[in-house]
Structures are given as structure tokens and as C-alpha cells.
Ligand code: UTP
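A single chain, nothing else alongside it, follows as C-alpha cells in the form predicted on its own.
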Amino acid sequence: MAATPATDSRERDLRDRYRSAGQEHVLRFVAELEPARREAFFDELEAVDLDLVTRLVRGDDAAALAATGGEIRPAPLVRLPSTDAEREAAARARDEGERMLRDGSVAVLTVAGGQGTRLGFDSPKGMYPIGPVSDRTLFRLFAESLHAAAATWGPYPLWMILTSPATHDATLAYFADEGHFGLPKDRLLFLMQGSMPAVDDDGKLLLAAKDRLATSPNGHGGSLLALRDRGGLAAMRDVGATTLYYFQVDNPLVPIPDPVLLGHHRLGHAEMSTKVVPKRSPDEKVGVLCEREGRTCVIEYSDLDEARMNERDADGDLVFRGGNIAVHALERSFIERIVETGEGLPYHRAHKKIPFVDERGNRVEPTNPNGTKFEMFVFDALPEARKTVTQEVAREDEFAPVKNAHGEDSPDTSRRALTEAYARWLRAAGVDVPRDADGLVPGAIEVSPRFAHDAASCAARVRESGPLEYRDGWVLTHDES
């Protein structure tokens, strides 16, 4: 079918642009496309920042040029309280964080752009059933936490959910089907993160189909650009939220929101704060919070030399111990400063197996890495912050990610961690929860966040409910009597 004059003009302009960038090959199949597919493809091509792609391919971007030398030391930690002074500091932080929540100055962002592919789950990861007894999904668990926050401190925090092109429509449909979990719709905002095109080993853009570039989400650091471009920062201003509580969707143990982190962040006059857990072992594959030349940063485990990785202090603890769990507090003004230029954070490169269409139009599924994806990491904002706080928390209380189908960080280990956390709350409230020969709960129990969201609120609810008796398969809900 013949192209219209307008289409011809678009094609000429695109050919000129892509030829100048050495990427005209992406238009090789245009003549084969039906008009609607051709126009949609042109829309996609017009949206690509070719100057950025060219700089990334050449390697002259900020991430490639960032200094990797310089002395590093562990970031100062707000350690797990073990003295009266530390417990008093934690109490002051909680009081300040609760004041922030009562004032409505906190918004929440859940990074939820990933699919459950590694879990064998063909839906957005936030829809994964994780409740040890009820199979509550991750999204439902977080929604109930926000109901609990509103019941405890007053206003509903603005909840923003970062999706990706692969998960956006399914996430919106799921929330609609669930009646948005009873949350106020004016306190929910879905932000779709941006994408970046992938290139082959020669720096040439890859096609996923004759009418589509091979792209991937631009990383969790792309959340800051999405806040700017998709209305998140504007929504925060509208509701008076000055601080963002950030976490990733695959961690069902994260307190939402956590007044202690928020309070340490505010009392420390920080622009960005981070939670860490003590590393399980020197070689655990997590980034470590460090300082380089007076700036807080995250050093990947693979970039620590063996001496630093194994170094221990006088108490026998790892010196470089603070493992990043991707829970942050960020000031809105700080985010605005980071994204005031067009590109936001620096890009990192990942050499991956990327399916593509070859020059004959045949689909190729590579068996070895054949190209590069570009993504941003949110923790790269840390060195830009004038002040930071790094808070150490107990892994068993706050970190049980769902990443792998089996083994470590799997649904089985996450559900077990949830059951054991709930058991600790109930025991602290005077409930006799038995232990088996391995010291574990003999079965599964579950506490809805609307019944209790921590040990203190659990004790209060148990006092209201009267004596409770453990049974396997127990679920405590907000209407428990």
C-alpha cells in the first residue's frame, strides 16, 4: 500500500537522523510494513534519544568516566540498637517519623516493573502469591500495610507504583479487578518507567521485530525520571509530600512506611537515606554501602578486593558489612535536583543474550551474550546527596526477597521468614507459639498488616482480642475477635 506524503516526509526525516547516527539499518523493512505498523514504528523511532545512544556506544557518558579509584571505607552506620543511648536514639527517630506520617509529608514508591519470569510466573511480580497461609499477593500485602498506616497515623500516604511497558497494563487491570484494595483512588498513581534500546557488539541498534526496536526498561534508577515525566513529583507537591519512601516489590518483609528510617533521615538532615542488613558472609552478592572521598556510594561485591571483603573489626564483625536492600528515603527537592537535566543518573551496561531480527528478517535467539542493555541504578544518586544516613536493620525482620524459583531468596524461604517474623511478634505479645526440633514454627501462620504491622501493634491487638491460641494455618486479620 502506497505511503502518504506525510508518511514519506516522516520517513525521509528519520532516515536522515538515523543515517547521521550510523543506525539507518533499523529502517530496512519499512517498505514491507502496513500503514498502521509503519506509523507506530515511526513513533517509536522519533522518541529515541539518538545523541544519548551514540554517547553510550562510544563510552563517553558519565558512568564510563566516573572515577573508580580513591580510598574507600565503610559508610557510617546507625547500628542496630544495643545500648540505652542507641535505643533512645531509635525512639526519637520513631517519634519524628510518626510525626512526618501524621503530617502527610511522606509518599511511597514501589518499584514493580519486573515480571515473575525467574519464578516461573507469567505475570507482574507484584501479583505473586506470597502469604504463608492465605496466598496474599505482594501488592495486597502492601495495600493492607497502607491501610494500617492510615489507621495508625491518619492520612493515606500517596502510593506510587512504578511499572514497565511489560507490566503496566496487567498491573492496572489487576488493581481494577481487586477494587484497588479499598484504597482511595486519589492516593494511587501508576508510573510507567522509560525504556532504552539495546545495541549489538558493534554498537548497532537491534530490532526485536521488523517494526520494533529491541528495548528494555531503563533500570530502577529510571524511577526518578518517571517521577518527573509521569507526574509523580507533581503529585507529591499537590499532596504536600516532601519525602519519598522507596522500596522494591519483591520484599514482603519491608515495613511500609517505616517511621524509624524516616525519622533518622529527617533528624540527620539527609537528602537520601538507605537501609542495610549485615552481610551473611564476606562473599554474599550484595552491594555494600561505602564512602569514597567523603561521598556515600554503593560498591558492588565484585569490586571489593579479597582483603576488604574479609576484613573484620575487634568484635569479629565484617568491616564492610552493610548490604544494600534497596529501601531508601529521598527528599523530593533532591530528586528534583537530580532530574533537572534531561538524563538523570548515569547508565550502566549489561552484556546479555538479546533476541533480534537479522538482516533477512529472521528471528534469532542467541545462545551467548550478543549485545548490551543500558540501565540506571537508583543508588547512584547517593554520591550526589549532601548528607546521607545509613541505617542497619535485622535481616530476619525486614528482608526476605522473592527472586529465585528455588533455593536462596525463593518463595519457600520468603514465606518461612514471614512465618517466623509473625511468630516473634506473637511470642512478644504473650502468645505461646511452639517451636519444632529446629527451633522453627511447626507449620505456617500469617498476620495481616491490618491486624498488626510490627511487634508493638501486635501486642496491643492481642491485648484487645484477649488470649489467643496458636494453630497451624492461623491467619490473623483486621476483624479478628
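No experiment lies behind these values; they were computed from the predicted model shown. Start at 1 with the first residue shown and count on from there.
FYI, the form predicted in complex with this ligand isn't displayed, but the following is about it.
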Although this ligand is absent from this view, report whether Asn218 comes within 4.5 Å of it in the predicted complex, heavy atoms only.
yes
So, in the predicted complex, is Val249 in contact with this ligand at a 4.5 angstroms heavy atom limit?
yes
Looking at the partner-bound form in the predicted complex, is Pro157 within 4.5 Å of this ligand by any heavy atom?
no
So, in the predicted complex, is Lys125 in contact with this ligand at a 4.5 angstroms heavy atom limit?
yes
Residue among Leu244, Met272, Val111, Leu289 with a heavy atom within 4.5 Å of this ligand in the predicted complex
Val111
Residue within 4.5 Å of this ligand in the predicted complex by heavy atom, from Thr367, Asn362, Thr117, Ser333, is Thr117
Contact test, all of Leu162, Glu375 and Lys403, partner this ligand in the predicted complex, heavy atom 4.5 Å:
yes
Determine which one of 210-218, 299-307, 390-398, 95-103 lies within 4.5 Å of this ligand in the predicted complex, judging by heavy atom distances; exactly one does.
210-218
